[in-house]
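Encoded as structure tokens, the following chain is the form predicted alone, with no partner shown.
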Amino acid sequence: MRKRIAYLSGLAAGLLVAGAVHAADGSWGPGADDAAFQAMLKSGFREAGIAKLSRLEQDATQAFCSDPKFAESKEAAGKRAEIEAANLASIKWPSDGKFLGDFKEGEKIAQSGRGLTSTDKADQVNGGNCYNCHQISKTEISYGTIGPSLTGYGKLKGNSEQAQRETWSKIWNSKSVNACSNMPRGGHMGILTEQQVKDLVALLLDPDSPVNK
């Protein structure tokens, strides 16, 4: 079963790249003007638990970034800026005006990769999965390298309100600063709660956090 899931995931990823087109109506994305392609894509998946077929539906940002050659081109500079502005405008800032939570809770979130799979429950708390892409502290011996190391983040950025807002923006919706960032849009997509984002901001900026030791 695991092999089948892995195979289908890989097949879908390949099809997404192979099918990326610029549709006549100006939209971008995999099979944007090809109903047969969309039907083929959806036929390779089935709903299970909280994993719904709606996850295959792309918003404008995802569709744009599904054609990486165009998205990274000079011709797309204006569209990239437009997408970043739209994502920045969508950010929900902390309801109480406070950006910092508990860095100890933030570390737990950053080191947790659970959530969003078909066997998880909708009312269970998701992790941030940060460790899969970033080094979080100097003492770690195993971590992902897709993203930059976060060690010393707070020492570099400081702890001003501007630094807090910039860090919040990146975690809540990474596309607000980089249209085609590989980083999940934690808050925007409902993966993380407001409190979880606060705790992660604290993890990155609190001088007592392991990130800054």
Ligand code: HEC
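Keep in mind that this is a model prediction, so the values were computed, not measured. In this text, residue numbers run from 1 along the sequence as written.
Missing here is the form predicted together with heme C (HEC); even so, the following discussion is about that form.
Contact annotation for the candidate site: 129, 153 and 182 all lie close to heme C (HEC) in the predicted complex (heavy atom within 4.5 Å). At least one heavy atom of residue 171 is located within 4.5 Å of heme C (HEC) in the predicted complex. Although the partner is absent here, residue 44 lies well away from heme C (HEC) in the predicted complex, with no heavy atom inside 4.5 Å. At a distance threshold of 4.5 angstroms between non-hydrogen atoms, residue 68 is out of contact with heme C (HEC) in the predicted complex. In the predicted complex, no heavy atom of residue 39 sits within 4.5 Å of heme C (HEC). Across the options 90 to 98, 73 to 81, 130 to 138, 114 to 122, residues that bring heavy atoms within 4.5 Å of heme C (HEC) in the predicted complex belong to 130 to 138. Taking heme C (HEC) as it sits in the predicted complex, the stretch 190 to 213 comes within 4.5 angstroms of it through a non-hydrogen atom at 192, 200, 204.
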